[in-house]
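Shown below, as structure tokens, is a lone chain in the form predicted alone; questions about how it binds or moves come after it.
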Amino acid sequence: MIFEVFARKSRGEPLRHIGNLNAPDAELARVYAFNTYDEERWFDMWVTPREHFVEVFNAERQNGDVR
């Protein structure tokens, strides 16, 4: 399963996408993310399965065309 990783450096800063990783479950994704992206001093870090993203808008598709 692919997980997307987000983090911010300080309170109030927007979360930003910092990478992705493969893990069999969320618990291991947390460990892998911490070990992979620990070079920065983060305020907080989040992981979410890529499949949980829901597209809101895509400029390449028009008229509600769903692919």
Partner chain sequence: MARTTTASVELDGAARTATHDLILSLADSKRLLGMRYAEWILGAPELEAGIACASMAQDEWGHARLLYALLKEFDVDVDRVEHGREADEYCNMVALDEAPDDWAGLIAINVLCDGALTVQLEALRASSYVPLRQRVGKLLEEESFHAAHGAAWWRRFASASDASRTALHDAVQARAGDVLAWFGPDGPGARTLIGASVADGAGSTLRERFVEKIAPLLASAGLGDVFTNIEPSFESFEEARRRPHGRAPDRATIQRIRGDRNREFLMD
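Positions refer to the first chain, counted from 1. Computed from a predicted model, the values in this text were never measured in an experiment.
The same protein also has a form predicted in complex with its partner chain, omitted here; what follows describes it.
When you look in the predicted complex, the only residue of Ser10, Thr48, Asn58, Asn22 with a non-hydrogen atom within 4.5 Å of its partner chain is Asn22. Although the partner is absent here, Trp42 lies well away from its partner chain in the predicted complex, with no heavy atom inside 4.5 Å. For the stretch 15 to 33, the set of residues having any non-hydrogen atom within 4.5 angstroms of its partner chain in the predicted complex comprises Leu21, Asn22, Pro24, Glu27, Leu28, Arg30, Val31, Tyr32, in sequence order.
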